[in-house]
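Coming up is one lone chain in structure tokens, specifically the form predicted on its own.
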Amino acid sequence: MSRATPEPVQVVKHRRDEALKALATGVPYVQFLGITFDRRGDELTAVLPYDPKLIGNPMLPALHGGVTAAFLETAAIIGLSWSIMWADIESGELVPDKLTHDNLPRLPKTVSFTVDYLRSGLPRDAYARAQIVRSGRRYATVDVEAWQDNRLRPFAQGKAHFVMPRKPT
């Protein structure tokens, strides 16, 4: 019994990158804020590049609290969706080149989202990473943390609960 020949690394990387790009660009608010995602294997880091329109208090200056919350929630939703899609991407069942805004997998729906503002977000790039605490067929819980210069000094963190999308039958 022989094994199937594995796909070339470039093909797998391209499939992962295209799937992530389709997922992230499928949400207009993500594009408005300028959020991008840095992928290392199955680990995602959301990146919010500095833009003057994101400043809420120009006297400090500090990132707007709503922008911070939206950034955290986006990182949680995309991170959870990425983990759901991962098996299909790896198996080749999900073909990213055929993903459009009309046939993207459904995103989880937010049930509750709590943000803890730990310090002011400074006028510079911000990063966030989501950790899936529990992911079942119906519900999921995700913790997310945002930092700027030092990962050990987060400026905000959140906890989100989601209703999982139903698998198509």
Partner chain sequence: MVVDKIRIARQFIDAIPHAQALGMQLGDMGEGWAEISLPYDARFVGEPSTGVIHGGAVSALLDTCSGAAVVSHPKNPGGTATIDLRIDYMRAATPGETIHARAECYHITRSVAFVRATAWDADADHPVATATGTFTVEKQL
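Positions refer to the first chain, counted from 1. Because the structure is a prediction, the values reported are computed rather than measured.
One more form of this protein should be noted, the form predicted together with its partner chain, which is absent from this view; the next part is about it.
Listed residues 49, 66, 136, 41 were compared with its partner chain in the predicted complex; 66 is the one with a heavy atom within 4.5 Å. In the predicted complex, at least one heavy atom of residue 112 sits within 4.5 Å of a heavy atom of its partner chain. Not displayed here, its partner chain is approached by residue 117 to within 4.5 Å at the level of heavy atoms in the predicted complex.
When its partner chain is considered in the predicted complex, residue 107 lines it closely, a heavy atom lying within 4.5 Å.
Though the partner is left out of this view, residue 140 does not reach within 4.5 Å of its partner chain in the predicted complex, counting heavy atoms only. Residues of 37 to 64 that come within 4.5 Å of its partner chain in the predicted complex, judged by any heavy atom, are 52, 53, 54, 55, 56, 58, 59, 64 in sequence order.
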